[in-house]
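Take a look at this single chain, the form predicted on its own, given in structure tokens.
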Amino acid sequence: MSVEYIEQVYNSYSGVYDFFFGKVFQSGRELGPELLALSADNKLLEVGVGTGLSLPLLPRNVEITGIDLSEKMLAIAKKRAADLNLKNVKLLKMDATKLDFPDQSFDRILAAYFISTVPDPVSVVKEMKRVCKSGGYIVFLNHFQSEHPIMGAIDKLYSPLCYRIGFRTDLNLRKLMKDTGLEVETIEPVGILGHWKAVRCVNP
């Protein structure tokens, strides 16, 4: 799938995304700030900010930059930030495989329910590493392929169908970490059945 296809898919979802995915992923979003361990004056990048559902949960004493490929999702995020008077938030349209930031620009990076939506997750994570300061945290909230043999096979079976509607179910966390040179520091189950994971890595 191309970047253009993903942009088209999520533009089409923009009007209904909050209704279908707001409450479903809320517990993960609430865990995100805890794993980020933000301090005053930290600079945070949220990659794949979407409609900005994470923004109300983040502290106001940090500088937040949110990027997304979907202009329509960003429009909703900008309205949310304006309604909440979030003067510490800047929202930009950007391709996550080509982040327009200098090296080591951010103390923390958040990717909430995003990394399995991109055509090339390895390239995206490498860009996240590049713009994150050494020793900074990179936090993923996401579904990763199950390590249980049967459930993992089901994830792989359904992934091509799911990817046509904007995400994949067979993203393997261990392989992603190996291919990008990251290591998992903390991993916690998210949601009622723990099908999603909150993962914190320390940038080397």
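The first residue of the sequence shown is number 1, and the count goes up from there. These numbers were taken from a predicted model, which means no experiment stands behind them.
Absent from the display: the form predicted together with a small molecule. The rest refers to it.
A heavy atom within 4.5 Å of the small molecule in the predicted bound form is found for one listed residue only; from Leu173, Ile67, Leu58, Leu35, this is Ile67. Though the small molecule is absent from this view, in the predicted bound form it lies within 4.5 Å of a heavy atom of just one residue from Leu91, Ala81, Val131, Ala96, which is Ala96. Shown alone, this chain has one stretch from 48-56, 35-43, 175-183, 132-140 that lies within 4.5 Å of the small molecule in the predicted bound form by heavy atoms: 48-56. The small molecule is not drawn, but in the predicted bound form it has no heavy atom within 4.5 Å of Leu86.
Proximity of Tyr10 to the small molecule in the predicted bound form falls within the 4.5 Å heavy atom cutoff. When contacts are judged by a 4.5 Å heavy atom cut-off, Val118 counts as touching the small molecule in the predicted bound form.
When contacts are judged by a 4.5 Å heavy atom cut-off, Ile76 does not count as touching the small molecule in the predicted bound form.
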